[in-house]
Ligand code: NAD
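Here you get one chain, nothing else, as structure tokens; it is the form predicted on its own.
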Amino acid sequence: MLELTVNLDERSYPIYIGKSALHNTDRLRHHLGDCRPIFITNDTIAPLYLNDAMALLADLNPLHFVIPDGEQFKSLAWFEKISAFLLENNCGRDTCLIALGGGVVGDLTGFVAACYQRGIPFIQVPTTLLSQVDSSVGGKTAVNHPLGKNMIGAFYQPQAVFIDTQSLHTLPEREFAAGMAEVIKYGLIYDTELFSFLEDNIPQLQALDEETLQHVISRCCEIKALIVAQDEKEAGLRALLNLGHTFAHAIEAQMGYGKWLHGEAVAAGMVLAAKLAHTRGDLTVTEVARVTSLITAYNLPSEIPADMTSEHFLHHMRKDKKNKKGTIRFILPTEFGQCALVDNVSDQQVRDLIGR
């Protein structure tokens, strides 16, 4: 099993990566300490893993709460339902929440943990590729609002992250592809060797080859941990992790949360970001083609929804968290493997990019 560390001084924590990582009960119990475990999961994951996970900690009298599966349930309503469950069961600060699921479960559980009794510990057990390489690491927790994605939340770090690569074998192909969008993102913003590795190992990754998976997941987590250690609360550097997300969040909001998976929207958003970078003279036609080709090779969309116009994009992007003083700010490649936060993209350039 691989082990990495997110270095945040007294709030540092480990990431464990490997087959059956969740079943390493010694490590799991170490991070629980004297706390009572409460599993938060969804109705897709529960039939697959919940009983086994509860059995590992049976002597600690664990409880569980199951939410419906879908981005639309990452909401204040379900935040309130989980909080009410904890209150009804007299859960105190000696409670540890365990997020067993994908990004929705992890974000929602983390936000409850950050707020309940002003903060209780939680552990991330991500079961989707997207959550394993991205959302489970770094302490960004949130819920969605009808007026904007992830607009209500907190920075709150977990006690540990257990990445069990075996869970990817029960992941639908569409969900695996969505996770690959975030993996591709790391190559484009930081590591051209990773990008080339993804180009050269498409069959191995799609076949869920264990060695290849561990290499890719660990490298993504290494990059994320390095960036978070330097900029925990997204004051500057960490914003680069949002490549493609300005466009992606607009797609999700316009189409309705859950219609497009987050990774699918990010994939289309990265293509737009690459094309916009080309118009600014930062990427070549060949480099844009490499981005588009890799995204389509992993069965991800490279085109935006047919019924979205430039005005739809601008409407939603004006509510983006990166904006300052009413100016829409974008993460764009400045060269292959490097990105920057830019604030000099005009509305007309967005209209020209979208083309309708």
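Keep in mind that this is a model prediction, so the values were computed, not measured. In this text, the rigid core denotes the largest set of C-alpha atoms whose superposition between the two forms falls within 1.5 Å. We number the residues from 1 along the sequence you see.
Note that the form predicted in complex with this ligand isn't included here; everything after this is about it.
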_Contact label in the predicted bound form: Ser83 to this ligand, heavy atom within 4.5 Å_ = no
*Give a yes or no for Leu276: in the predicted bound form, does one of its heavy atoms lie within 4.5 Å of a heavy atom belonging to this ligand?*
no
_Contact test in the predicted bound form: Gln157 vs this ligand, heavy atoms, 4.5 Å_ = no
*Using 4.5 Å between non-hydrogen atoms, is Ile45 touching this ligand in the predicted bound form?*
yes
*Per-stretch contact check against this ligand in the predicted bound form, the hit in 212-220, 109-117, 172-180, 280-288 (non-hydrogen atom, 4.5 angstroms)*: 172-180
*Contact assignment for this ligand in the predicted bound form, among Leu130, Ile251, Leu188, Leu97, heavy atom within 4.5 Å*: Leu130
*May I ask you to list the residues of 132-164 that have any heavy atom within 4.5 angstroms of this ligand in the predicted bound form, in sequence order?*
Asp134, Ser135, Lys140, Lys149, Asn150
_Per-residue C-alpha change between this form and the one not shown, Gly119, threshold 2 Å, rigid core fit_ = no
*Return yes or no for Gly148: a CA shift of at least 2 Å between this form and the one not shown, with the rigid core superposed?*
yes
